[in-house]
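Only one chain is shown below, in structure tokens, and it's the form predicted on its own.
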């Protein structure tokens, strides 16, 4: 998952809070790095810690859990 020039960040975002902000950024044409990948969840309070560990095992350089 990691590239040589840019870190790969996996973002677990809440459907009702953080994803709405990311969507607004897209509508407003605000750009963010291409190395950021969003995973929309119904609630970040229900994130299983195993998902976070697996992301690192699959090569993610960093994680963001935002609600």
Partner chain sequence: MDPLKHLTQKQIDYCMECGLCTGSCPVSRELSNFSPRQMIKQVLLDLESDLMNGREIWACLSCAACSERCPVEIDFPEFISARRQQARDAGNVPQESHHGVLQTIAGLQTREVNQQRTYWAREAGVFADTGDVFYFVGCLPFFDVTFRYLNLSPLDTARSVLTLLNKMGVEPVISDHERCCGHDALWCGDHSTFRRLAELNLEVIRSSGAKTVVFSCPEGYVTFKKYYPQHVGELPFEVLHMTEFLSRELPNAGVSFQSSSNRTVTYHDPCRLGRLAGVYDPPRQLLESLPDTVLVEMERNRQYALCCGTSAWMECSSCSKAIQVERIEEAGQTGAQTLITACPKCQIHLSCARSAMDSDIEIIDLYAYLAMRLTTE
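Positions refer to the first chain, counted from 1. Just so we're clear, the structure is a prediction, and the values are computed from it rather than from any experiment.
One more form of this protein exists, namely the form predicted together with its partner chain; it is left out here, but the text below deals with it.
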item: Contact test in the predicted complex: residue 24 vs its partner chain, heavy atoms, 4.5 Å; value: no
item: Residue 57 within 4.5 Å of its partner chain in the predicted complex, heavy atoms; value: yes
item: Heavy atom of residue 43 within 4.5 Å of its partner chain in the predicted complex; value: no
item: Residue 53 within 4.5 Å of its partner chain in the predicted complex, heavy atoms; value: yes
